[in-house]
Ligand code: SAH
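Just the one chain here, the form predicted on its own, laid out as structure tokens.
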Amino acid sequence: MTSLPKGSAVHPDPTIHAPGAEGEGRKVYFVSFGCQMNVLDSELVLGDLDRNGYSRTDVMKDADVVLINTCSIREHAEDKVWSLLGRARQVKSTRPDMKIGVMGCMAQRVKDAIIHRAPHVDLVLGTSGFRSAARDLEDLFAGGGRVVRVDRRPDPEFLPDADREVTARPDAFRAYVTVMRGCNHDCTYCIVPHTRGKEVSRPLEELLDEVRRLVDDGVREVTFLGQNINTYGKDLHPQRKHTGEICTLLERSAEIDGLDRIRFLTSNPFDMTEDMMRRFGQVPKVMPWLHIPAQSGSDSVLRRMRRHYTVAQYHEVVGWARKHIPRVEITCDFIVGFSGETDEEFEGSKQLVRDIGFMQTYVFKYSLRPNTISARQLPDDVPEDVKRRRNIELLAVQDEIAMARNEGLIGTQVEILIEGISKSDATRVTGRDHSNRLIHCPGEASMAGRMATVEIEEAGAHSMIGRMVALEGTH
């Protein structure tokens, strides 16, 4: 059993309990699926539970609460949740006082199915109401029944990020900060607008205050998150055509003493401008790494996806980045097997990977999601075996490119922020360089949180190994 970090912040939001010990002695088994946004949402809830006296356990049968943060982007993610709920039902049959909760995008999307298919679930919290978990669990322990909160509340006053317990995070030296929630785009395959609603941005000064509190608690690297982060602030200033508020946020954050590195994601190519790239490149603390999903290398597929740009325009965006941001690296998402995708259209994706030379590419087989435009208007007509083959082929192209590029770094030196002991080798530490490459080198746990200069000696497609030639704080 692992204790949650202790915190003492005050809750101004009446939907969240003030610090107390209502859950003192109770243990929570917490599982999170999905994107970086979900990782941060989990941290917010774990911080609230900690304030209320809960501790965390890695053993389900020892838990008083099983809480699952869910993802709906692909069917496979939801299948994992149903399987986990089946396991929880078996444990609860021997511990009837156990409370089981489901939160996040799947809870928002299929609340009725959860209630009917999994009647042993006590708590269902959607994408706006999950910060009430601590309070709702106490009500459930006191009076039983079931609590379901899936109403969307897009008013900025009710964004679930206020009053974050900054000490509740898995990494002592890096942290995520949500700058906005929701998305206003209409990509045909995407369920995010259905599960998370329209874009709502957080005030700039509120974000800067959160970054300062994180830095005061030891954070050296912050990654700002938004479903479509380049449109951050447009809803705060609707009278302006384009605010460039994300640039202002990065520039103001860079002024905070003690913050050494800044990253942000995710960027839709349609909302990126050359002026943004110029401003990104003028802030040394903004790391030279951009995650810009292309999704396809075929104009016809992009039209069916409603991505609102062409392959040529995607090249233009990358060209701006490479012109204005020294040594920038680009990572990307692709979907294979989208509705109607032909072999020729798929070849376009392979060609785009070759032409751009991505540092890394994440490839996903198309999964039709209910409530999307695709589900209503486009057939899921690419056979599963073809999707699987294309997935493997595109990853193979990317791995070949990444391997060649990483081998070119052998003998060079990079700076990493040491995260801790490597998961694959206890004699090594792990960190990431400016471009977000994963680097391993000999070291020990006490080095975590320090910068190190590493000379690359071995290269792989997904990580590299080197020797440490300098360590911050040593001579």
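Throughout, we count residues from 1 along the sequence that is shown. Treat the numbers as computed from the prediction; the structure is a model and nothing was measured.
Same protein, other form: the form predicted together with the ligand, not shown, and the subject of what follows.
ask   = Which of these residues, R369, K80, H120, R213, gets a heavy atom within 4.5 Å of the ligand in the predicted bound form?
value = When the ligand is considered in the predicted bound form, the option within 4.5 Å is R369.
Residue (of T361, S132, T178, Q295) lying close to the ligand in the predicted bound form, criterion heavy atoms within 4.5 Å = It is Q295.
task = Tell me whether Y189, G226 and K365, taken together, all sit within 4.5 Å of the ligand in the predicted bound form, counting heavy atoms only.
result = Every residue of the spot touches the ligand in the predicted bound form.
In the predicted bound form, R89 touching the ligand (heavy atom, 4.5 Å) = No, R89 sits far enough from the ligand in the predicted bound form that none of its heavy atoms falls within 4.5 Å.
ask   = Is V124 one of the residues lying within 4.5 Å of the ligand in the predicted bound form, judged by heavy atom distances?
value = Taking the distances in the predicted bound form, the answer for V124 is no, it never comes within 4.5 Å of the ligand.
task = Using a 4.5 Å heavy atom cut-off, state whether D333 contacts the ligand in the predicted bound form.
result = Yes, D333 sits close enough to the ligand in the predicted bound form that at least one of its heavy atoms falls within 4.5 Å.
message = At 4.5 Å between heavy atoms, is I73 in contact with the ligand in the predicted bound form?
response = I73: yes, in contact with the ligand in the predicted bound form.
message = Which is the contacting stretch out of 344 to 352, 189 to 197, 397 to 405, 202 to 210, given heavy atoms within 4.5 Å of the ligand in the predicted bound form?
response = The contacting stretch here is 189 to 197.
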